[in-house]
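Here you get one chain, nothing else, as structure tokens; it is the form predicted on its own.
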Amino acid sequence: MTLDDVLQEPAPQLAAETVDRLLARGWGLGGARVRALPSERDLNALVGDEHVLKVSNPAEARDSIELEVAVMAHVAATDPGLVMPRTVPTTAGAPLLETADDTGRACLARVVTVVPGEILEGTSLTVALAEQVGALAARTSVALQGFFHPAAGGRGLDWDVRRLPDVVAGALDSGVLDAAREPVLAGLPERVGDSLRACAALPSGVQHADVTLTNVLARDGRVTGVIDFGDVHHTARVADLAVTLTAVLRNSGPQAVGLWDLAAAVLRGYQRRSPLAPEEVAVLGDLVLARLAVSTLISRTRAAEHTDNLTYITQYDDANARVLAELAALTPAGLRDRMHRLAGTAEPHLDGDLGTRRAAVMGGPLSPLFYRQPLQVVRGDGPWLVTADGRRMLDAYNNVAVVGHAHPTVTHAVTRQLGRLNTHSRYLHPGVVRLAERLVATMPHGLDTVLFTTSGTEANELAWRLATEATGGDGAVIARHAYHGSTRWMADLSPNEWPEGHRPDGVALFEAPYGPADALTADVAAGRVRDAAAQLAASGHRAALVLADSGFTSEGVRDAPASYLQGLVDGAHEAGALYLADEVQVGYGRTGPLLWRFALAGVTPDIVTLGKPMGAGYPVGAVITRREIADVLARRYEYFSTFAATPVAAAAGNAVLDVLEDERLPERAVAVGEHLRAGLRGLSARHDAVGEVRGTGLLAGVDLLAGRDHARDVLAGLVEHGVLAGLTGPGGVVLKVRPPLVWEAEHADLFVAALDDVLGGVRVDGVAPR
């Protein structure tokens, strides 16, 4: 039998005494009070207060009924908490009973349990209820994942939105639809055709396909359950959602909640349970149009054939027409964009010159871009970045993406937690505590207290507060070309950024570890701190903090011997100051399995600051110190930062540590870094412009000896070769290579080969390249 047979065949006809005998014979429910329930093609009746008798249309295929029974059993097993009817076995233990109606037609009968609540159809729908309906649709779809039944694939339901072209063609042939009078309806198959075809490639499975307000029950403003699995079939899950969304939108109107408010609520509820892909959202509006059209045309066809059931058949006609007109009035692109905005999958428009637009609204020269020809990066994948024009660029610069761009572990951890909860840190949350414990476990003995921030800059600011409070000092000792952040005070502690003639009060400088390692002793370093502290004293200040990037990255990537770093610690303590190891650039495994550059040197700072790579793109930083230092600040202050240590930040931080451990990226960083520097040193034999190569782990600084203009030409040339790097150090003539730790030796080789080509093609002091 086909669906047309089911729709054409009258519903089963059973007198009251026949129903009573059937209930008594099959389920021992004879004598119960029986009340008829509305149905389009079957006979449904409420039996007492706890059961429903369902006698299927004589034209309905047995395997379709068995499919419905199997679906309900599957959902009951996969989501026992989802309130829905349960099949009541016959006295013989079977789910179905063969019977005949009063005209002698063979039918299948079954009894299911009653779901508490009242049908939502016909009630005043609130935004809160619409959101619950969306959540119910998603929950039902998720519960059906993994279900299979041979009858689910070819049921041929006319109200399946994918059959719109056939329904419209049939309506035109029968005269139910006049293309000249209703061009919108007649033209819908062409308008939404691409979306209907796209469903074949979207997430699919057996779906309820009828989570409508007729089949959703509620009580006291809360959805209680879902009924009627009679339309289940295999389809795209977004087609299933379109059915639910259509039913809700029909309840909008001038005297009710607005159409777009209801649409937003359904999508919120749905995506709390099951996020939609952009490709699904792109077709959703068209599928709603298709459902409205299918419902309208089937109603017209059925009304002409069954004049005795017009009220039931035509109950949605006016609402269908109103919503269809409102949605169809939007252009296809307009409807698609509206759905994307509601679902959170909208992409920014790229109209006009993006660089000009950015400069106009984002500060112009105050916030410059990298490279002579700024890049519009649209996607990341491991060690690669992809630009808007499709170029694949090897990333040799970004330590933010320490575990590689868009690492699935971090992405899923953040997304999952963001969908569950994200709030400030003044509530207990296990993820935050776990992250703090894991960080402490990587530190030397005594560094036992973690204070979370949102960035490395904020971490250094907090470290300054700790130091001044703990020591009573008010002066800072920093490396001559250091960088420690972008706030007002951190800018004063970042001479790498100072304008000409700027010299803030209360700041003294020491020389970074330039020169041969054997000359960089602990005494030399301590003496440099001593001299800087004396300068502070001469100007009426006392040193509170000595701080250094452990890799002296902004100084041109300097390999400080362990003795030199120990001397800085000793010098700080001699001056009555604390020593801060800024690990924002070189930490998180870049220098090897000990994770931190200071740990590789065997020194113990008083304070450690973390930032950039800590969340692999999610903003999170930290200060790690001794409890007695934190306690001094706590005597007079509390510390709180709204977005520091949120559950999502913790999810990102824990995921990064997981990836570092599980993929052994710090170990790889050591091997790949050595391979990289060996290749770079090999270039110095072929190119006079290449000087010393330095670095530890997966970090390299390459001296470019032909001046700043030449260095900039080299950087631009690398971009043309599909490689992204940076310049650092005094004068900006050190090529900085600081890639994600997912680099393999092959990526190092690609970088060296590209640099070799660039150096061979860039003029030096007006002399043509060799």
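Computed from a prediction, not measured in an experiment: that's the story for all the values here. Don't overthink the numbering: it's just position in the shown sequence, from 1.
Below, we turn to the form predicted together with a small molecule, even though it does not appear here.
Residues with any non-hydrogen atom within 4.5 angstroms of the small molecule in the predicted bound form fall in just one of 365-373, 103-111, 454-462, 213-221: 454-462. Checking G697, G134, G485, G475 for any heavy atom within 4.5 Å of the small molecule in the predicted bound form turns up a single hit: G485. None of H675, R302, K612, H407 but one reaches within 4.5 angstroms of the small molecule in the predicted bound form through a heavy atom, and that residue is K612. In the predicted bound form, none of the heavy atoms of L565 sits within 4.5 Å of a heavy atom of the small molecule. Contact annotation: Q585 falls within 4.5 Å of the small molecule in the predicted bound form, judged by heavy atom distances. Though the partner is left out of this view, D286 does not reach within 4.5 Å of the small molecule in the predicted bound form, counting heavy atoms only.
By the criterion of a heavy atom within 4.5 Å, D549 is counted among the residues contacting the small molecule in the predicted bound form.
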